[in-house]
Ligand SMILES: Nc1ncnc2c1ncn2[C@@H]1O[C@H](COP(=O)(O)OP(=O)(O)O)[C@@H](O)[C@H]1O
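Just the one chain here, laid out as structure tokens, in the form predicted alone.
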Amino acid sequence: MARLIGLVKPLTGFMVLAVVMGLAGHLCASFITILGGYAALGLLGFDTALNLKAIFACALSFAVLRAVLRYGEQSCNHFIAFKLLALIRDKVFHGLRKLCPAKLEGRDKGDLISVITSDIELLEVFYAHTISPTAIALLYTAIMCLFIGSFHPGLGILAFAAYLTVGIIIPLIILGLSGKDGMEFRTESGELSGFVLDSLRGLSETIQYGRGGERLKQMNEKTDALSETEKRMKRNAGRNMAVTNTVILVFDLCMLFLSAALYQKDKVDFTGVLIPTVALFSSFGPVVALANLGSTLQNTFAAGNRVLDILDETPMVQEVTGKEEIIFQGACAENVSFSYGACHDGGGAVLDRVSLEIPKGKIIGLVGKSGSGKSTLLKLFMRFWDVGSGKVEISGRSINEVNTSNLRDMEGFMTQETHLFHDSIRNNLRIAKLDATDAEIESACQKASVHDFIMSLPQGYDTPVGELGDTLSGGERQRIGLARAFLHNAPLLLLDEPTSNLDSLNEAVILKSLRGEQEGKTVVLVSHRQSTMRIADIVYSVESLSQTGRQLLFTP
């Protein structure tokens, strides 16, 4: 809670304004009823400070002012809430970017989607309906206790006990009885989101193998479990409301009986009976708002914990800044060992004492069995992970000592699976170079043998691609990925199976482009195809030499 409140600091002025308007608004609402009590006293012949006309004029003014103040308070609260949600989203995306890819490699994407959408959205309840209402309730309680206590100290103490019980004691008890329902609900909600996302992505396979019924059964089980948790939370909320209203009624009666007893002992006059009782009747609004938070905040804080966990998580690879910029003069790996087991669950040694030279201006080919570590080696050159031992160097400097932005500028990486965003082809290409001209985009696509295909589409480069690029074939996505690499125009190209989904004709065109682009470029090419390796100046093979654990030897 303290950390979430700390984020309000840039908007402190708006929060103070919301508290002031909320406090004044609640006082207006309560004193409308209190003025009614004074009006009743006037009609009964008791002396009051105001006549009936003045009382009704004040009540009318308070009613109008209450509306204005309530609107102003809610406007400030929601302005704060949505400004802070935007700030938190920015922080979360920044945090995810720092964690990627090492810390996110095995994470459930559906659960992450749940965190950055529904969990963050739930924090609106905290910022719009928790912070200022809590401050308002505390200040309002102090003022009303002083007002009621002005008739007799005992009445003020009773009012304080009533506010304390309704606003703090009951919510804490309900919160304790709720256990971990809130965190369970957010966790189960994230798991269900991940399951639905996975089911949608694998819909064709589910239909093909007739597993729709089984998948639906699993989804229903997860939904029922989520509903059961929510049912418990709603039951607690209902119990909270019932207990709160009962306790309010009991304290109202206690106030009536105590003031009547004091009246009989001549400790107060009839005004001291009617006004404190009416005042307490009409003054539970702010503390009831706190009482209602007892059940809803558990869900909100569970969401807040999941969001803060992402912000607190330490990246496996820290971004490097402040170093002298360098230009590409070649690269190498020296005695590099690496294991995914050190990064996340699963996986043994992938690379063991691997050494590799990448001279500037050469095309280097890497071949070997699946799982031998070829793709992993490229990722280590990108510094997606830090090596376990040994070192990876660019231009004679360890990549741990190269500014991350400088490293990304020097390297262009094409993965086996090209990800396309739900956007136009042009914008998907511009990811590689945001200020690229149309001519540069077309030139890159021609080198990747995809320009003619794009121009055959109804909207050309402005044609939207479906989610995850599912409106394009694997070969078309792959060629767009290669066009991105060409457009990035980095001096070192790391290409992981760039022609695996292409026919021989398109492969030949792309290989010719790679050879034509070789001037000023260094290319590291991973492929299972012997035809692809024909353009390589040096080919390294990977073979297993160890009986007890994989040992990789790269030889020309």
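Source: prediction; values computed, not measured. All residue numbers refer to positions in the sequence shown, first residue = 1.
The protein also exists as the form predicted in complex with the named molecule; that form is not presented, and the subsequent description refers to it.
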Partner-proximal stretch of 74-82, 435-443, 369-377, 475-483 relative to the named molecule in the model of the complex, 4.5 angstroms, heavy atom: 369-377
Gln416 within 4.5 Å of the named molecule in the model of the complex, heavy atoms: yes
Met382: touches the named molecule in the model of the complex, heavy atom cutoff 4.5 angstroms: no
The named molecule contact in the model of the complex: Glu105, any heavy atom under 4.5 Å: yes
Exercise: Phe195 in contact with the named molecule in the model of the complex, heavy atom 4.5 Å: no
The single option of Leu122, Leu274, Val465, Val350 touching the named molecule in the model of the complex, heavy atom within 4.5 Å: Val350
Answer option from Phe147, Tyr340, Phe281, Phe301, heavy atom within 4.5 Å of the named molecule in the model of the complex: Tyr340
